[in-house]
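Take a look at this one chain, the form predicted on its own, written out in structure tokens.
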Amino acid sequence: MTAVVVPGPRPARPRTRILLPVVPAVLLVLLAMTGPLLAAHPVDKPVTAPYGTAGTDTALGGDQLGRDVLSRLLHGGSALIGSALIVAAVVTLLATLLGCFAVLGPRLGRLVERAADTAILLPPVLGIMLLALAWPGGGRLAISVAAIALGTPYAVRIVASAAAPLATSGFVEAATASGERLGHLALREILPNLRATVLALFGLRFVDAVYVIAMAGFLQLGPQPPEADWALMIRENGPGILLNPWAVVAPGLAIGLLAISVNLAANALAPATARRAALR
């Protein structure tokens, strides 16, 4: 007689291992969102000489027009983070709904798969430039729409891949046999079992949205001068990097720290298996 070994419950991850990566991301996001309240100078008024060096009145010096770099840095994060959060939330929501329904209907699944495969082939930069040219004056809203349109197909494939084994599982077949409708199967049977995948996907989509929106700002396809934007600050102050490096280094560090901290937080919150599935 063969003994059956029943695996015990998985040990819970230590709370400190989760909090340590999450706290810096939360603090950075809160600092960026409340930054305009902490700025000492207006973002559009010169307070020092062009590319003025750091001093007591301007901690990070001045930009190409003599505006306070630190004040513009504090103003520039809220819009970027807000746009990235909206893009990540919309992409995750659309992908989750489409992925859950696609695995239950063969016809809908083939349609979603072919549409996603076609959309994935379009390079993100080309797609953003096409939409920016077709929507002059769209600014940050146009870039956000482009990021949603370009990010959703890839996310749908991830959710559909994670939901496919669940669609053939016993509890879904039992619910189908009992006459439950398609919406019940997708939202009540499959979706609750995809929480880890959805969380990992949201974190990755947020980081991707930060990169896409920052890249568009650097190419001046989104926010326009004199708006305070981290990517726009890098482009505007590039010619004077030798005169005041902080005008370029500070916004670059802000974008990098934001992406890294949020990525680490998502990595800590989502199980490793779900994150590996989202990265495939």
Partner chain sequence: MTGTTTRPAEAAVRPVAASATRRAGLLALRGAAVLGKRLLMLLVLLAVVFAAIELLPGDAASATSERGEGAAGLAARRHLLGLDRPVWERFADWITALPTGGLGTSARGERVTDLLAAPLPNTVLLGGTAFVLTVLAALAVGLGASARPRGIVDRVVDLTSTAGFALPEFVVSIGLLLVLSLWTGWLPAATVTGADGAPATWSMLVMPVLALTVPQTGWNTRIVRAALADQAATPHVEAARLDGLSTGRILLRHALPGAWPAIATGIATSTGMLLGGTVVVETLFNYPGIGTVLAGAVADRDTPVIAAVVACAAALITVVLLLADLVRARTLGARS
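All values derive from a computational prediction rather than experimental measurement. Positions refer to the first chain, counted from 1.
The discussion below concerns the form predicted together with its partner chain, not included here.
Participant: Closest heavy atom of P226 to its partner chain in the model of the complex, within 4.5 Å or not?
Facilitator: No - in the model of the complex, heavy atoms of P226 and its partner chain never come within 4.5 Å of each other.
Participant: Verify the contact flag for L20: yes if a non-hydrogen atom of it lies within 4.5 Å of a non-hydrogen atom of its partner chain in the model of the complex, no if not.
Facilitator: Outside the cut-off, so no.
Participant: Does at least one non-hydrogen atom of G252 fall within 4.5 angstroms of its partner chain in the model of the complex?
Facilitator: Taking the distances in the model of the complex, the answer for G252 is yes, it comes within 4.5 Å of its partner chain.
Participant: Determine whether any heavy atom of L191 comes within 4.5 Å of a heavy atom of its partner chain in the model of the complex, and answer yes or no.
Facilitator: Result no; L191 lies far from its partner chain in the model of the complex.
Participant: Using a 4.5 Å heavy atom cut-off, which stretch among 94-102, 181-189, 163-171, 129-137 contacts its partner chain in the model of the complex?
Facilitator: That would be stretch 129-137.
Participant: What is the one choice in L65, I241, A54, A40 with a heavy atom within 4.5 Å of its partner chain in the model of the complex?
Facilitator: Contact with its partner chain in the model of the complex is made by I241 alone.
Participant: Out of 198-225, which residues reach within 4.5 Å of its partner chain in the model of the complex, heavy atoms considered?
Facilitator: Stretch hits, in order: V207, Y211, A214, M215, F218, L219, L221.
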